[in-house]
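Two forms of a single protein chain come next, each set out by itself as structure tokens; they are called structure 1 and structure 2.
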Structure 1
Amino acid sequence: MIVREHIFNIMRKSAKLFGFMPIDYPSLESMDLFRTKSGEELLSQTYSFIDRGKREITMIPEATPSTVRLLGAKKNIPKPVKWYCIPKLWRYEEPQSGRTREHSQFNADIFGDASPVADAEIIGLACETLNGLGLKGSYEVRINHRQIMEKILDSLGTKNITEGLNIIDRFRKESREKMIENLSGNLSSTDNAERLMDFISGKVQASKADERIREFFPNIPFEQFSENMNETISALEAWDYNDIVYDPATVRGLTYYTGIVFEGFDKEGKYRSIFGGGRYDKLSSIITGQELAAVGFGMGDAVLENLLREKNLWKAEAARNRYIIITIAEEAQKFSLKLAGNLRARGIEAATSNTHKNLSNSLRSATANWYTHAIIIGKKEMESGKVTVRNLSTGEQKETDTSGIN
């Protein structure tokens, strides 16, 4: 939890750098909030039950619907608003690497701003968070636009565009043969399924997205949407977030996305997505009856933990010194307690070791409990009025009077 809290603090710091404000909401919601908003696959993964009031309740499987509901209850808040939270979420699915039934998730959303720069701010916040965790250069952001993909699917004679998007969303989970089989049942021909597969199989630099689309679909009018996407990419480049690629296989499975969609992955491709999100301008009207521009993302802690552990970054650098006072003479106990009180009064973290273990065991225990320094007090220290301070990381120690402890 010390490491986890360190990571959450970096998330909070990044959100504040971008001007986001914290929110919170209940862990239980009406099932109806998710029934028409999140798709059947997500509904099948919920922890749901009937409560004593005969209401169908679920433990929240994602954050966005609750955030939008909260916004609808606060209609008088001036827009735009920029909110973040780190709730716990629950999904009833098979636990596996990078996916657990209960996890914490960093979420951020902007409401009331339809500009491409708002899209860029959301993606930039995700990048800033990963950079703050030491992952700069280890990840890439895959970006796409849902309306461009809808136009492409329409041009290919797709019978059900939502189903087509859901099939594409499984691109990295299915074989090419299985993908073509599934697409062929929804598109006008197998040739079109092959063509679509060739298109979504290639990533390019984000600035070359237009070229990639024109190469395969020269007659589709997508300029309005690509201009929007290009402005987002330009803003990210202006802020030096450069690990952005155009990936037509990134469509996001949830049904409410309406524009830019994106996901972050480790560059080596070992793990599931680190974060994902997009623009969802119509969700507010479904939940609250009020249409409102919206864009946001979620970053779960399970995949992030796997990646940080691999990079030897699953650790917390102490924000400030944490001291434990170890007495090696019983008569020094009162002196030890008084010193602890004085240090705490000065705002310094100080604990006392009250178990009277030998010194080596006490130091070993202190290190295991994340103390940065040990203050050692024996007869010599009581007589001189000075104490011995040992750095538990380096093993270095020095004598100092108590005023020199900070």
Structure 2
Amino acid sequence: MIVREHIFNIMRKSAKLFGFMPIDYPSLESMDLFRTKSGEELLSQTYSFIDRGKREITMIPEATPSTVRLLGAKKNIPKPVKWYCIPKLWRYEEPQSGRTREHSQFNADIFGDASPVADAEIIGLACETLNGLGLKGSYEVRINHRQIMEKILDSLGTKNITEGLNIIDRFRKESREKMIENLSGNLSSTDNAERLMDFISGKVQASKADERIREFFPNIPFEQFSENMNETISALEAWDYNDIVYDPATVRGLTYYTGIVFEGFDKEGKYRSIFGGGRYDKLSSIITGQELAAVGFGMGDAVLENLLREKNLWKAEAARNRYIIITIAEEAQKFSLKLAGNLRARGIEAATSNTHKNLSNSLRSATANWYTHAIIIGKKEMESGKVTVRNLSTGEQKETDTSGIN
């Protein structure tokens, strides 16, 4: 939990920096809320049950429906609003690395702002969070635009856009042969399938998106969407978030996205996506009956925790000074208690060791419990007012006035 608490702190701090306000919603929602949005299939992978009041309820498997429902219940808040939340979510699935049955997810959304800068503030917040965790340079954000992909699929004679997007979504999981086979079934020819496959196989620097699309599909009028995407990209550049690539294979499986879509990955490609999201201007009307521009992301804690552990990026957080006061002479007990109160009043983390085991046992227990320093108090220390501070990782000891502890 030291790692996770550190992650949550940086999430909250970054959200505030971008002007997002905290919200929360219940862990239990009516099953209908998810039926509306995602259908029965999602519900078959949830912890759902009938409660004592005979309601069909589910432990929330995702955050967005609750957020939108909440917004519908608070119709009068002047828009735009920027909200964040770090709820626990539950899915009944086989647990895998980076995907557990229970996890916490950082969610941030902007409602009532259709501008590309809102898209940039959402992606920027995700980047700021990763940067704050020390991951700058280790991740890339892959972005794309749903409507560009729909235009392309259209021009290639798709039989069903949703199905086409779902096939593209499996790009990194299927062989080229399998992809071509699936795309051929969706598009009007195998030639088209191959062209699309070649197109989605190449990521480029985000500012080169137009070039790349025009190279493959010179006759498609995609500019109104790419202009929008380019504005988002330049805002991100202005804020110094630079690891953004245009990736036509990023389409996001869920059907409700209507504009920009994006996912964050570690550059080495070892892990699942770190975060993902996009613009979803239609979802609100399904849930609340009122259309409302919306863009947001979700960022789970499990992949981040793995990344931070691998890169040892949490140790600094754990290594802040934590003192334990070990009293080796019964008569010094009062002195030790006073010292503990004193240090805490100065904002210094200090605990007392009270079990009167021998010193070496106390030191071993202190080290195992993440204390960084032991303050050892005997009769001599009590009388002189100078205490012995032992660094628990190096074993080094020094004498100091209590005012010298920090």
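Keep in mind that what you see is a predicted model, and the values were worked out from it rather than measured. Structure 1's sequence is the ruler for residue numbers, which start at 1. We call the rigid core whatever largest set of C-alpha positions still superposes within 1.5 Å between the two forms.
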I want to make sure I have the labels right. Is the form predicted alone structure 1, or is it structure 2? 1
Core-aligned, does residue 338 move its Cα 2 Å or more between the two structures? yes
Once the core is aligned, please say if the CA of residue 375 is shifted by at least 2 angstroms between the two structures. yes
Please check if residue 395 moves between the two structures, taking a CA shift of 2 Å or more relative to the superposed core as movement. yes
Once you lay the two forms on top of each other by their rigid core, how far has the C-alpha of residue 54 moved between the two structures, in Å? 4.0
Can you give the CA shift of residue 385 between the two structures, in Å, with the two forms fit on their core? 3.1
